[in-house]
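So this one's two forms of a single chain, laid out as structure tokens and tagged structure 1 and structure 2.
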Structure 1
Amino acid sequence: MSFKTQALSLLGSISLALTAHGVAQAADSNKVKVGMMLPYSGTYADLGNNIDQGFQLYIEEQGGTLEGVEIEYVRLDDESNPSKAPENANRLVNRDQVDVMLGTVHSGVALAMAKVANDTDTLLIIPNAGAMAITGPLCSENIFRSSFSNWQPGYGMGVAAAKELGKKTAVTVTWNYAAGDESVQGFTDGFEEHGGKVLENLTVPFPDVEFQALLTQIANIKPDAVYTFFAGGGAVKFVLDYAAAGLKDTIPLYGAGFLTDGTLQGQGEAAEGLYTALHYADDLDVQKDKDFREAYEKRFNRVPDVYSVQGYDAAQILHAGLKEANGDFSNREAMVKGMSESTYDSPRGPLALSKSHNPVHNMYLRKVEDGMNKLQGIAVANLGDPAKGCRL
């Protein structure tokens, strides 16, 4: 249990003043309450659902308990709305008395969750949002990421665009918020370090999907390639619009892998041949991934994607803490040691966390072929994050 719920159970008279729900939680030391703050609606809804399912799958594989500790879920739809995020995260911690927060997808929402986690000394595992500040200046003992920092896939694609694919100039297009800005920064770093030049950065507000004006600008500039960060419903629309504008065959479209992960069904033929970089692919020669994909399909009747993997690995990270703490969640020192120092058998391949608690992992170059993100090679092996400003 969290320090807070432990304290409440000691202070019997105060806990009597709580709701019956709160008292029951404080009294039950063999349970960990996980607050799943994810987008269950809006453009990132599929991403949130897949994270949730990946997390569930791992817990179910362990029989519903981790080191004898039962896992209980509280779910909250964050709608990918940063303005509601402080209130939502505070509600989970203070009203629902969760022990761990799991979330979220959108960087702006995750930044607010990180602040609440730090203010209330609550453990937070981030299963997607890549905001660099969270494993940079805002890094903290109690915050972990099972996914990536926004810079990493961008950097991998920038290196591959210059080195493997031989491009000299590029235009970038993205949503105008932390994830897009940082993804473009990663691409620019990788591309320009290897001789490329970014000519122009184009943006639209999140979550707009009105792309026609940008496509006209791209056609006028005529770069060697276009780099994008879009995900979920926006990624489906961008890829369809790009092909419909007749650009696909003249100016190659590249992306952080979110462009084509979990989106291929909606994109169909328009996505065929697109190159992206990500820490996952659909045909990795990794035994853990083969087992994971089979189990996921059997359990949920659909194929997993990178978000499912990140949810699964978030549960593995929680488990590593509980292993080190022998099932005693209140032993924060052991929890943090286990979570940060373990190496993980991830479906993505080798996974470890850096000092700032951000994944160090391979960035794969993938190409869409026959409706799958097929591995072309490793763009950058064991890539970490700059983690600038982190003092852990």
Structure 2
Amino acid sequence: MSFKTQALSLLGSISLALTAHGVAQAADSNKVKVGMMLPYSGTYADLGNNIDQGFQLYIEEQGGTLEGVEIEYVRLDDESNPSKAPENANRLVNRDQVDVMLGTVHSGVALAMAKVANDTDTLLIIPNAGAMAITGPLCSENIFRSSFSNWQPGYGMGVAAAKELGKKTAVTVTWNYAAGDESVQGFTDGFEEHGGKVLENLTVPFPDVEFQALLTQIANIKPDAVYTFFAGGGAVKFVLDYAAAGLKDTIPLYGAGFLTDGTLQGQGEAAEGLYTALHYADDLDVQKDKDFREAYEKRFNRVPDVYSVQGYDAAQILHAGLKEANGDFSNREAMVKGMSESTYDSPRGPLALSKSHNPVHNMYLRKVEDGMNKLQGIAVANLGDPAKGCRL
């Protein structure tokens, strides 16, 4: 074979390869691959599954596609392990070639996902983790959050404690870690802006649940109220210990909504009467929520919670981008515009995203009555996040 013949043959092979690649791209242009990096095992497994189910429900309500685009799922258990997070996120992007990452619950894992998303210019939607840095110094046009920042529920409870409940002094207590610090800062900001005074910030090492020394300090300080940020097993133990120490009837206990979300069964009578603030409640007078709860229970045979809502709204955010882009996921400018500038009909009530892509939504005041987080009113309407350090 002559050199000319070899060259023509090689060019033909390249042409065929490029054509085949183009056909593959065309075939994939009606598909978006979503990497669901969530805790599917361990302490936070229920939270991860509820987020996943909420996301699925929205897609199914649209007939299984968004603007004619098929949604393909790649699921990866993040095990709530920050040390594995960079490898797991890179695996989704580089090996599985997902178009969008969705995750996660644990803030340490989410921070690693945000770095990978920024390094690889991959879209990331965060359906829970509230670390303020994600929509602060790490904010990016390709990172969105459908949940909250740790500051927001704390701020809402601080405002309500001062304005609605008339408290003048408070002590805060939490685990000594970033989420607790950010939540306490939110409470302090809201409480002191409305005339209250935080007397002391008490902490215990994470994940310690030995609270007796703290309870003794609280009894000695005698504040008008106590604000706390605990979740899961720690929340159950603190509420039980607080009541057992005889403090519940003399010093009201308030918290971010996670104090009593998913924990009421374990807390029992000790939780009755507790006030918390969150962007969701069990009895919102919102038609979208009533429809959502009915559909969720019918589809999954279980009652939805705030995590289910956050997963549902993560899918709504993705849909808004595809609407703006007319189903063309490769049109990044339109995708970002749609996701960031749309308003959403959420089960939680009105929802929009701030310039830093953090939710702007109502913080509801709830009270535990008959084992439910019942709505008392809106603590702060349309609350955004300070987004300190964000340069968007």
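Each form is matched to the other, and the largest set of C-alpha atoms that superpose within 1.5 Å is called the rigid core. In this text the structure is predicted, and so the values were computed from the model without any measurement. FYI, numbering is relative to structure 1, first residue = 1.
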Q: Report the structure number, 1 or 2, for the form predicted alone.
A: 2
Q.
Taking 2 Å as the cut-off, check whether the CA of E192 shifts that much or more between structures 1 and 2 after a rigid core fit.
A. yes
(Q) Checking D289 here: with the core superposed, does its CA move 2 Å or more between structures 1 and 2? (A) no
Q) Does K163 show a Cα shift reaching 2 Å between structures 1 and 2 after rigid-core superposition? A) yes
Q | Backbone CA shift between structures 1 and 2, A270, after core fitting (angstrom) | A | 3.5
